[in-house]
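A single chain comes next, written as structure tokens; it is the form predicted on its own.
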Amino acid sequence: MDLIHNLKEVFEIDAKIKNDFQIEVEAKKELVSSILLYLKNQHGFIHLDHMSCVDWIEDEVFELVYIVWNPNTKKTVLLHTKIDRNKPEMENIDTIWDQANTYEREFREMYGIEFPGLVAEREFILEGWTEMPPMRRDFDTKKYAEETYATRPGRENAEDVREKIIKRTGEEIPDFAKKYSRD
């Protein structure tokens, strides 16, 4: 395929056909914005379909995936890059696609990834949040919920949802769910 050959030649990266409609590309973070601009301007990938983030805590990296689409060829490129989890920083691409601003704001707030040049309020979804970013795998959701909500005033007589179901329906808690019960 010409696109794969062009990407390999221009950027010296790994690119492969995933299936009839998808091409998968892995690149160093320094190349991402150039590759995305190249795909948009030279190959018609005019739509930023999605951006996602995976926390590979074991490898101490975040993997960012940029998914772009060409409406003429109906092809999708999945561009993967990895960034250091301990100093997470990635180039801002909202000058290429405006909607990237929303994804980058979410990644900044939920994972702690900085995007230099991103023009946006610090708070996006979490108001007054001072804890570790909650989508990081080392964030202890259960501990946070117990400390924040279980002892909140007005919850003194609160029932576990499972207990309420048992009382109402007579249903038993399935074995796999018993470990999550308050008993």
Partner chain sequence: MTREKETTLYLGPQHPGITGNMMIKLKVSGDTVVSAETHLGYLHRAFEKLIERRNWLQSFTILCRFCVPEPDPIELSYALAVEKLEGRAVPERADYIRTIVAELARIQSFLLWYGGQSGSGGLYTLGQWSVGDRNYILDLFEDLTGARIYHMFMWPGGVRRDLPEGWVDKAYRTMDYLEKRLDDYNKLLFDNAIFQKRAQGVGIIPKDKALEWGVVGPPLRGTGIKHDVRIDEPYAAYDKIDFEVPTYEGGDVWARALVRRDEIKQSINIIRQALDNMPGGSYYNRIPNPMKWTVPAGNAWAKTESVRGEIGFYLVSDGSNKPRRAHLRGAAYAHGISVLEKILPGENIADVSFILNSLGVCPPEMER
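These numbers were taken from a predicted model, which means no experiment stands behind them. Residue numbers count along the first chain shown, from 1.
FYI, the form predicted in complex with its partner chain isn't displayed, but the following is about it.
Although the partner is absent from this view, residue 74 contacts its partner chain in the predicted complex, with a non-hydrogen atom inside 4.5 angstroms. With a 4.5 Å cutoff on heavy atoms, residue 106 counts as touching its partner chain in the predicted complex. Residue 142 belongs to the set of residues with a heavy atom inside 4.5 Å of its partner chain in the predicted complex. Contact annotation: residue 114 falls outside 4.5 Å of its partner chain in the predicted complex, judged by heavy atom distances. Residues 71, 74, 76, 78, 80, 96, 97, 98, 99, 102, 103, 106, 107 are the ones in 70-108 with at least one heavy atom within 4.5 Å of its partner chain in the predicted complex, listed in sequence order.
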